[in-house]
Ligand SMILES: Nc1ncnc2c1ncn2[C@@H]1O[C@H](COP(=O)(O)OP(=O)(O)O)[C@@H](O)[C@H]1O
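Below you'll find only one chain, the form predicted alone, shown as structure tokens.
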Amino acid sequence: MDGVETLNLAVPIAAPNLPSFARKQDIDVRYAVIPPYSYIHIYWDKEKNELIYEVEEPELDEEEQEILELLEKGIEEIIDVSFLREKTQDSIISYLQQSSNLILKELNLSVSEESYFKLFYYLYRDFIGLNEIESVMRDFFVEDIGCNGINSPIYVVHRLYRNMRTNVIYKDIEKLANFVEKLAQRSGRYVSYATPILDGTLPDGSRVNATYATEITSKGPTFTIRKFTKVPFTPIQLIDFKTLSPEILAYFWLLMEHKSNILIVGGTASGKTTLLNALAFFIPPEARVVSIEDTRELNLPRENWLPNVSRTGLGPGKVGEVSLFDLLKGSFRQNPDYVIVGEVRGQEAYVLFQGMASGHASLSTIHAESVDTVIKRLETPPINLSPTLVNILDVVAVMTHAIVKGKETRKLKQVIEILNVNPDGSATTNIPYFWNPADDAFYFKRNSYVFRKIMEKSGLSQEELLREFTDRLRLLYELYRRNITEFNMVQQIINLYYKDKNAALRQLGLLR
């Protein structure tokens, strides 16, 4: 098979436009993740009465299965691990293809071109990719992948259709243990019976947590992967999802330009990081941004951006650890205009609020449900902050899960402006925007405390500020109306507005 051209299995494909459905029972979609070999089929299973996420891969007959096993054994014997670690994806694929061709010749095996392509797909999947879950990892819409042990289906969290069981099941405990070892190797970590818990980051930035021994988890080894999102949702897509309204985005645009301090709160997977990414679109293009995360999720199309990612340490002494606290302390010596912290959990909160107090505009998230729970989290261990430090915040945005017309969704529940926080933790607030679940609509009040602060700092009159608000609202709504959601295009138009407002409005036919 020397004449067969090199396969481009590593080439990423664009995310498809998946339809939304009023009822889960009507969902039946199929899309490619590694064309033309691997597809995802999501459908309602009437017998199980639930949504199923099915990975479709090439079927091998008995002879092809035997040849695949011979190829895998042969490649394991001759493969150069250092080569796989150092070279590019294209080089690795070419190397794997040459190795498989050599083994086929040595074993005097003849296969058709169609069979060869199928066999090579599995070789790629198991040696270069992540075995049975490679297709799931390549699915743009999957946020989380969870394996609860042997003889239990892997579950995924899908961006649009949420929690689903898959048809991927590990039935052999040794095979699952080997895969957890592979995850550890890919993360640059080590896992064993002596150190059976893995916490690491895969080369693509995805966060992996796994257990190795049955003494830890009775169903055998487990793993959970939180995928790194290479292309986050744009602000316009959040309007399309009805996560928030154009008015709320125009409000946040003004806040971001005028360096307000914003804290996004909510429960697990409520959309905090998604909103964080969307608000980052509104940072002025010339501003210097420093971001700090424990798992790389931010993606800002800008040159003047310094992304930092924390690193867990090795062994009992956590040798080589670089914490969020360490990174945040260092960030303020890097002269940032904006500091973005992926999530506040511990002592880094003190540094963050001190940075806000010294004039560095900050944007972050925290697990909480309201302003009251934010204050309680900040004043109790391990954070231990004085409640009055919360006064440096301008706005708290509350994200929440919601069921609307039987469909699970995410909503920006409230925008809360901080007027005053007393030493006893009691707070005086103003809510200019809120979501009403009764009619699934967003409401707003004209009175904004933060707008008054912006007018005092900038010298803008109320009329000038409201005109800016209206122009930005019109621009955002026009992008939504025209379905302009592409990542770079949205950022280009927002950046153009900063540089030449009239040119941006003229481009969309909005110049009065």
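Predicted model only: the values in this text are computed from it and were never measured. In case it trips you up, residue 1 is the first one in the sequence shown, and so on. Only the largest set of C-alpha atoms that superpose within 1.5 Å between the two forms is called the rigid core.
The discussion below concerns the form predicted in complex with this ligand, not included here.
Undergrad: Counting only heavy atoms and a 4.5 Å cutoff, which of 170-178, 119-127, 240-248, 191-199 contacts this ligand in the model of the complex?
TA: Single hit among the candidates: 240-248.
Undergrad: Examine Pro235 and determine whether its closest non-hydrogen atom to this ligand in the model of the complex is within 4.5 angstroms.
TA: Taking the distances in the model of the complex, the answer for Pro235 is no, it never comes within 4.5 Å of this ligand.
Undergrad: So in the model of the complex, does Asp326 come within 4.5 Å of this ligand, heavy atom to heavy atom?
TA: Looking in the model of the complex, residue contacts with this ligand do not include Asp326, since no heavy atom lies within 4.5 Å.
Undergrad: With a cut-off of 4.5 Å between heavy atoms, is Ser270 one of the residues that contacts this ligand in the model of the complex?
TA: Contact check for Ser270: yes, within 4.5 Å of this ligand in the model of the complex.
Undergrad: Does any part of His258 reach within 4.5 Å of this ligand in the model of the complex? Heavy atoms only, please.
TA: His258 lies outside the contact set for this ligand.
Undergrad: Give a yes or no on whether each residue among Arg226, Thr274 and Arg410 has a heavy atom within 4.5 Å of this ligand in the model of the complex.
TA: Yes: Arg226, Thr274 and Arg410 each sit within 4.5 Å of this ligand in the model of the complex.
Undergrad: Just one of Glu348, Glu297, Glu134, Asp394 has a heavy atom within 4.5 Å of this ligand in the model of the complex. Which one?
TA: Residue within 4.5 Å of the partner: Glu297.
Undergrad: Identify, from the list Asp337, Glu286, Asp440, Glu143, the residue with a heavy atom within 4.5 Å of this ligand in the model of the complex.
TA: Spelling it out, the residue with a heavy atom inside the cut-off is Glu143.
Undergrad: Superpose the two forms on their rigid core, then report whether the C-alpha of Phe141 is displaced by 2 angstroms or more between this form and the one not shown.
TA: Yes, the C-alpha moves 2 Å or more.
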